[in-house]
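Before any questions on how it binds or moves, here is one chain, the form predicted on its own, in structure tokens.
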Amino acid sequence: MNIHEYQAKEILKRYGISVPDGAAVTEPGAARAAAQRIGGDFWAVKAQVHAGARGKSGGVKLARSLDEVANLAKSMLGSRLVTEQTGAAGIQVERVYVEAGYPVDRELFFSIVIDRSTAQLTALASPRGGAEVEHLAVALPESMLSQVLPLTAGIPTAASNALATHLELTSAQAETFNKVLDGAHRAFLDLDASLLEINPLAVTADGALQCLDIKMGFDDNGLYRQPDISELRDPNEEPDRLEREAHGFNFTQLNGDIGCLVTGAGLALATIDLLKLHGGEPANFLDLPPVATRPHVAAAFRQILGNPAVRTVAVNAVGGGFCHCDTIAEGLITASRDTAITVPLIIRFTGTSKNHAIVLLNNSGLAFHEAHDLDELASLAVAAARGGRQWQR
């Protein structure tokens, strides 16, 4: 579960981390009043959506008068912000965050994550922060330093010194950074976080450190221990979550154009790998549970078709356990009755009730192309996504 920037800053304030004064508002007049209360020479007006790269897409702007604050808030509120992480549909801006502006000398990057390759809690730091940090980390891997952190409170001096040195901080700045590191570490452990990122951690013109943007995510499996965190969930940012939870499938949006409906997480990952191997780009990860029923399948299929970027759908189903191939077929047919299917449908069935499932689909009138193995499924799906006369419906 992700939360908004303003919520993350409120949390870190409770852990002794200093953040710029700010307020989240939902209308232009309140934005102006917030800026007036905050005071100063200029302010940042930030769209509050669960996506990065907001600044490059017009979701973070500076205002140098109270009227400009109100006008920027008016232009953002109700608009749809499209960034590298939202997809073409974007996310509607329901609130903006107005905070004190600071002249920035340097932008740094700091994060605490769980390193899946080592199963260790890890701090990452780079003296080259800002919107391009991910690209810089690839181009200049030596710019990103990692340090393993303990799973209990208290950070070894060697680790904190290494991070501060890598960030090229003065002794005074390093002292402030150690407070940020300690507070972020304690918050991460206390709240079952899965990500805590401060980018930029800025060195201001007067040499101070400021946490100008903060992103936090939490482990869904730990939310039962975190009722206060659960209350921070914004349903407007995850409109499909309730349906996904009600129907028991795991879904992650990706940036491609081939929808994937697959039985089982391992098979779903293998399907994605095969699509990539054939030159395609998957639009999602979707894992149907072994006890999926027809409504589960129909809801999952509608979820995939709701993405306007999808140009074809690949169904990879292994019948077994409680979920047989005919159940998958019935779910597809059910969804097709209330959802227009305007893209090619490539289906590979194997296992229990495979033949019955194909008969059901043929009798339903639902247009589809059958693949007989994994390789054929991937090649047909990629060809369909690229288009061509043979795929026109």
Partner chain sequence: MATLIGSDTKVICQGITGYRGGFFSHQAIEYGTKVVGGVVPGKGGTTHLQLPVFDSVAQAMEATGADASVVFVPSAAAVAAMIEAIEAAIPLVVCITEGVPVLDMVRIKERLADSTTRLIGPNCPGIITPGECKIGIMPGSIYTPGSVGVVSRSGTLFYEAVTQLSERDIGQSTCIGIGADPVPGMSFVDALSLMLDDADTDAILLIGEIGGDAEEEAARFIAERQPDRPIIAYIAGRHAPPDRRMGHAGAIIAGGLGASERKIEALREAGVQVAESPARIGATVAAALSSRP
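Note that the structure is predicted; figures quoted are calculated from it, not measured. We call the rigid core whatever largest set of C-alpha positions still superposes within 1.5 Å between the two forms. Positions refer to the first chain, counted from 1.
Unshown form predicted in complex with the partner chain; subsequent notes refer to it.
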Complete contact of Val104, Gln210 and Asn255 with the partner chain in the model of the complex (any heavy atom, 4.5 Å): no
Using the partner position in the model of the complex, report whether Arg348 sits within 4.5 Å of the partner chain, counting heavy atoms only. yes
Residue-level question: is Asp182 within 4.5 Å of the partner chain in the model of the complex, judged on heavy atoms? no
Any of the heavy atoms of Asn2 lying within 4.5 Å of the partner chain in the model of the complex? yes
Can any non-hydrogen atom of Asn221 be found within 4.5 angstroms of the partner chain in the model of the complex? yes
So if I measure heavy atom distances to the partner chain in the model of the complex, which of the stretches 201-209, 315-323, 67-75, 164-172 falls within 4.5 Å? 315-323
Residue among Leu232, Leu189, Val82, Ala159 with a heavy atom within 4.5 Å of the partner chain in the model of the complex: Leu189
In this chain shown alone, the residue from Thr293, Thr122, Asn178, Asn307 with a heavy atom within 4.5 Å of the partner chain in the model of the complex is Thr122
Superposing on the rigid core, is the CA of Val291 displaced by 2 Å or more between the shown form and the other one? yes
Comparing between the shown form and the other one on the rigid core, is the C-alpha shift at Gly101 2 Å or larger? no
How about Ala125 - superposed on the rigid core, does its CA move between the shown form and the other one by 2 Å or more? no
Work out the direction of the Cα-Cα change for Gly130 and Leu254 in the model of the complex: closer or farther than in this form? It's 3 angstroms or more. farther
Kindly indicate if, in the model of the complex, the C-alpha atoms of Leu254 and Leu124 are closer or farther apart than in the structure shown, bearing in mind the change is 3 Å or more. farther
